[in-house]
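First, one chain by itself: the form predicted alone, in C-alpha cells.
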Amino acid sequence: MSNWLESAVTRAETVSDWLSPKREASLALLREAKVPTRKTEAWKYTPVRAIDQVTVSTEVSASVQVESIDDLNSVDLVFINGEFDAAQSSSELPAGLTVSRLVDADDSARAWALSAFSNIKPDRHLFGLVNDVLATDGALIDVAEGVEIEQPIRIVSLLTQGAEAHTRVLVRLAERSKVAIVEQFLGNEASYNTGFAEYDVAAEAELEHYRFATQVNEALSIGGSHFNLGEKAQLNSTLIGFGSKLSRVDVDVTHAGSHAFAKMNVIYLLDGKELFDLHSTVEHAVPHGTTEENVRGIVADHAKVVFNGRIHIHRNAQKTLAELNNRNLLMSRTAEINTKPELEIYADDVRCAHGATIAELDKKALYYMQSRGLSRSQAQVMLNFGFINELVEQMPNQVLAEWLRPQLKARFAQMEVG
C-alpha cells in the first residue's frame, strides 16, 4: 500500500456523517485494494507514482475568482479547493430545481442520495473509492418530474497550489425532465483532486452533459462521470481533455431501460509531456438501446494518450445499435497513443461496429497552405481544427461551443509538428 493510499484510509476512518453507512462499504474495499502497477490492465500505460510525490499544503489560497462564461446564463456551483464558495455560486434557482450541499442536505435529499451514492459508479474504480470515503462536500441536484431547466448548471472545481480536494456530485432527473450540466475543472498548479459525478436519468428524461477536464501542467486530476439511463432516456455528452502530469477520466453508461439513447463525443489535445487517460464502458443490459461514441485526439511532442473504450452487449440486449470510433492525429514521432476499442457481444440480433485510426498531419496539405501565404503555425491550426471541428459543431449549446473554439485554437498554436 502506497503512502497516499495509507493516508486516504487513515483519514477516511475519521470521517463521520450521514453518508457513513455508504462510506463503510467503500472503505472496506479500499483497505483490501492494491495500488495499480504496470501489471494492472486498466492502468498499464498510466503510472500513478506521481501522487506519492505531490506535496499537499495545509495553507492554500481560497480567495480565487472564477471566470464566468459570457452569455451562458448558468446556475453556478463553485468549489474552491474542495469547499463550496457561496459568494461565487448562484443563490436563486429556477422552479423545479433543488440543489443541496452534502454537508447540509435535508431528510428528503438524504433519502434519495443514500440510494444513489456509489450505486451508479462501479466499485472497480480505485480512486472512486477514495472519493467515496473522503468527499465531504459536493452537490445533490434534483430535477422535478416533467420540468425543463432552461439554464445550464455549471459545477466548477478550482484548485490552487498545494491543494487536495475530493468533491462528489449526485444528480437525479425525474421522468420527462430535461437539464444541461457542465462539470468544469480548473487550476494548473501542483495539486491533487478526485472529482466524481453520478447521474440517475429516469424514463424519457434528457441530460445534456459536458465535462471540461482542462487542467494542465502539474495538476494531478482523477475522476469520472457515471450514468444510469432509464427507458427512453437520452444522454448527449461532450468531454474535452487537455492532459497534465496525470489526468484520468472514467466514464460509465448503463442502459437500464429499453430504447435509451447515448451519444458521447470526446476531444483530447496534448502537448509537451502531458498524459491523458480515458476509459469508457457502456453496458447494454436491455433491448433496443443505441450508443454513438466518437473520440478524436491530437497528440504532440512527447505527450501520451491512453484510450480504452468498451461496449458490452448483454445476452438479453437484442436490437442494440452501437458504434465506437476513435481517430487520432500524431504531430510528433515521439508522441504516443495507446488505443483499445472493444466490443463484447452476447446477443445475436444487434448492429455494432468499432474502429481506431492513427495518422500524421498531412505534410502535403501543410506545404500547400503555406505556399498560399499562411504561416506554418496558421496552417497547422487550420488543419488541426478541421480535424475536430465536426465534434465541436455537434455540441448542443452553441454558447459553449463559441467559448471553447478560441481555447482550442490557442492550444493548437503551441503544438509543433515534429
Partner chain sequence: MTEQIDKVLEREYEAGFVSDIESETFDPGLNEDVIRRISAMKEEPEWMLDWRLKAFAAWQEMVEPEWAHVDYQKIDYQAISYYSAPKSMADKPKSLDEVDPELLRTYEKLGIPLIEQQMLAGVAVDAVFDSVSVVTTFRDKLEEAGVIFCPISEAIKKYPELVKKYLSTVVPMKDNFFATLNCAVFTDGSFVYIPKGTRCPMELSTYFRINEQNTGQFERTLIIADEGSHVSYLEGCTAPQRDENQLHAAVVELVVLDGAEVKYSTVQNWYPGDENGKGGIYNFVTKRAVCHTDAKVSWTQVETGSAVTWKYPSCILKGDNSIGEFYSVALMRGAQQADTGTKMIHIGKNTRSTIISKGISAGRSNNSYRGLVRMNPGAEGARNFTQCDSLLIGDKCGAHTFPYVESKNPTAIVEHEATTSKVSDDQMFLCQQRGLDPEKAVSMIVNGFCKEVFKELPMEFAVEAGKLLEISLEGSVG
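Numbering follows the first chain given and starts at 1. Only a predicted model underlies this, so the values are computations on that prediction, with no experimental measurement involved.
Keep in mind that the form predicted together with its partner chain is not shown, yet the notes after this line are about it.
Among 358, 27, 64, 50, the residue placing a heavy atom within 4.5 Å of its partner chain in the predicted bound form is 358. Shown without its partner, this chain lists 145, 71, 344, 123 as candidates; in the predicted bound form, only 344 has a non-hydrogen atom within 4.5 angstroms of its partner chain. Stretch 329-337 is the contacting one of 105-113, 329-337, 268-276, 236-244, since its residues have non-hydrogen atoms within 4.5 Å of its partner chain in the predicted bound form. Its partner chain is not shown here, and in the predicted bound form it never comes within 4.5 Å of any heavy atom of residue 92. By the criterion of a heavy atom within 4.5 Å, residue 350 is counted among the residues contacting its partner chain in the predicted bound form. Shown alone here, residue 136 lies farther than 4.5 Å from its partner chain in the predicted bound form, counting heavy atoms only. Taking non-hydrogen atoms only, residue 45 approaches its partner chain to within 4.5 angstroms in the predicted bound form. Contacts between 68-100 and its partner chain, taken as any heavy atom within 4.5 Å in the predicted bound form, involve no residue at all.
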